[in-house]
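What follows is a single chain, given as structure tokens, in the form predicted alone.
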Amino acid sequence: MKHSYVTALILIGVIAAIAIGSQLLGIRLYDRISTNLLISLVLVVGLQTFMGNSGLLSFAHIGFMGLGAYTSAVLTIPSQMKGMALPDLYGFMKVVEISPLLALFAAGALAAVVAAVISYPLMRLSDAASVITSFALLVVLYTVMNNWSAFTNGPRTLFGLPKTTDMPVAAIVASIVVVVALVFKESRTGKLLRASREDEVAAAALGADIPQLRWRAFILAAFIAGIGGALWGHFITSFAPKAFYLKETFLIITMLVIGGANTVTGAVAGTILITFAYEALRGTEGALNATSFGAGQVVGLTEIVLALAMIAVMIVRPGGLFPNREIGHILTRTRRKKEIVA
């Protein structure tokens, strides 16, 4: 357990360094990138709580992010603006207006409840069947968001959210989520779930209720995704359902796979690395399109490079940058070796 405390302190220190460094620079663009990075970190660490411990890939994560974003929006858009932003909203919801902090928890809670209701049968599946059904669940959630006009304004852009997510808020939530993920990993549920990841038959023979364990992790991941969606919604302030589909799913999974899905440290490292790479590639793509050489035809460079990077990592280092051990465990073992040698 000691290395978990060390890991938590190091990762919170990294989050604090990002937040403080961005504030000291005082450049609005960097502040925006860093805030977006910390929101992505919430989502990636949330996905890691399920995918990293169970060993099952889930595409549905971004769907719960969207559910959280729309829930928080409906609860916080000022009453006088709801008539314009959500003209088909149910009458009893038009007068509801709560604080963004309460809406944050409500968003996570609703995402968790939906996950609890619909996911239990899916937790009995493994391997390819699990991946296919999780993608189908993403399609279902996206279709609902795209067509439920009363709640989401349909495929049109929803606007009017109060901008309450800033750097300190994102940093605090990201730090809490990192601690929650580490605590869950070291809990009995987390340990049994990882045992089932390594050998499902052996874990079941020892009495582990694998569908129940996966279900708990999936609910926690959905709760964190809902909170991440609410944070993102109150940062961007206007969005449409297409923001919660394949492109965002690919980006979040890339962050986790490259960093290392089995560790919280990997989730944090992958988020930081891919965020900066993504912004650099976007800048390069924009610069090429602004020149006569690009002629406005360089499209998809960012996605292509990230996809190739993920393929390369899967070939060279399948477990990612931090495949098995948290940073605290690595540092503790290194220190002990030095003490033995001395």
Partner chain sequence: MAQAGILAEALIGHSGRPQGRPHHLGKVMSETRLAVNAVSVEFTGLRALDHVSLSLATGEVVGLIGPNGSGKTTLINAITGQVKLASGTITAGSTTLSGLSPREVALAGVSRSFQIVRLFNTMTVFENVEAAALAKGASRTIAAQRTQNLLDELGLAAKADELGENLSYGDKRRVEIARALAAEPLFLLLDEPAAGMNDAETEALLHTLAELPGKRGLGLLIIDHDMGLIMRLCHRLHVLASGRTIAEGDAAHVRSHPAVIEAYLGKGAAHA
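Numbering follows the first chain given and starts at 1. What you see is a predicted model, and the numbers here were worked out from it, not measured in a lab.
Another form exists, predicted in complex with its partner chain; not displayed. Remarks below refer to it.
With its partner chain omitted here, the record of contacts in the predicted bound form names 183-191 of 183-191, 158-166, 140-148, 83-91, defined by a heavy atom within 4.5 Å. Heavy atoms of no residue among I274, A277 and R282 are located within 4.5 Å of its partner chain in the predicted bound form. Residue contact with its partner chain in the predicted bound form: V95 places no heavy atom within 4.5 Å of it. In the predicted bound form, its partner chain sits within 4.5 Å of a heavy atom belonging to A208. Proximity of A204 to its partner chain in the predicted bound form: non-hydrogen atoms within 4.5 Å are present. Though the partner is left out of this view, T71 does not reach within 4.5 Å of its partner chain in the predicted bound form, counting heavy atoms only. Of the residues given (A106, A195, M123, A243), A195 alone sits with a heavy atom within 4.5 Å of its partner chain in the predicted bound form. Of the listed positions (N262, S119, T152, T254), a single one reaches within 4.5 angstroms of its partner chain by any non-hydrogen atom in the predicted bound form, namely N262.
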